[in-house]
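In structure tokens, the next block holds one chain alone, the form predicted on its own.
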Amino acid sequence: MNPNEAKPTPSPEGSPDAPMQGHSYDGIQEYDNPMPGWWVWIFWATVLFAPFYILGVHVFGYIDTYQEDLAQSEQELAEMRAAYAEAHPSLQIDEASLQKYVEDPAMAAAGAQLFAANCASCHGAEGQGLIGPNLTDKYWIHGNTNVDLFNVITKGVLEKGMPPWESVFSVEERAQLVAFIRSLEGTNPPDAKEPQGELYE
């Protein structure tokens, strides 16, 4: 320090920025700024908790290890999946299961809403056929069983411009569409498209 320079005047003792005693070097003072009380309490809490945690995990076993927590969580997840599967059984696609949908007016009504929103632009609002074929007569291009209809809805007919719907509609929704399409048979709407495909009596 230049001897001609005035020494800094220390702050009054007890003021918020009072320097620590004896800590002044070349005019640089070290001030006593204690850590916030909440931080100190958290620090000491972690220090005191550490031995209980180590003993609980590695000696007495009253705290689960990571592997034990993971195994328990996986078991709980498996139980949840099993409970969901039991409460929401997956529809098995065969003629018998689809026929139950066909015979249920509520399923056909649900299918009608899906059809109006997604299929009518190609098949007509009444299934009379536009770009797509007429769905009200007895002629079918890709088979006329319930499973045939379900498969066409699921996989689409790309060469004819019909997209697959399996990523859009659930299995149940596709079954509802089958139910609605079956309800259209023999309705003879006006301006129906000419027959296409094979006749099925």
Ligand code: HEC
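The numbering used is simple: start at 1 and walk along the sequence shown. Only a predicted model underlies this, so the values are computations on that prediction, with no experimental measurement involved.
Note that the form predicted together with the named molecule isn't included here; everything after this is about it.
- In the predicted complex, the named molecule sits beyond 4.5 Å of every heavy atom of residue 155.
- In the predicted complex, none of the heavy atoms of residue 61 sits within 4.5 Å of a heavy atom of the named molecule.
- Proximity of residue 149 to the named molecule in the predicted complex falls within the 4.5 Å heavy atom cutoff.
- The named molecule is not shown here, and in the predicted complex it never comes within 4.5 Å of any heavy atom of residue 56.
- Proximity of 101, 182 and 184 to the named molecule in the predicted complex is absent: no residue of the three has a non-hydrogen atom within 4.5 angstroms.
- Note that among 64 to 72, 47 to 55, 33 to 41, 134 to 142, the stretch whose heavy atoms approach the named molecule to within 4.5 Å in the predicted complex is 134 to 142.
- In the predicted complex, the named molecule lies beyond 4.5 angstroms of every heavy atom of every residue of 33 to 51.
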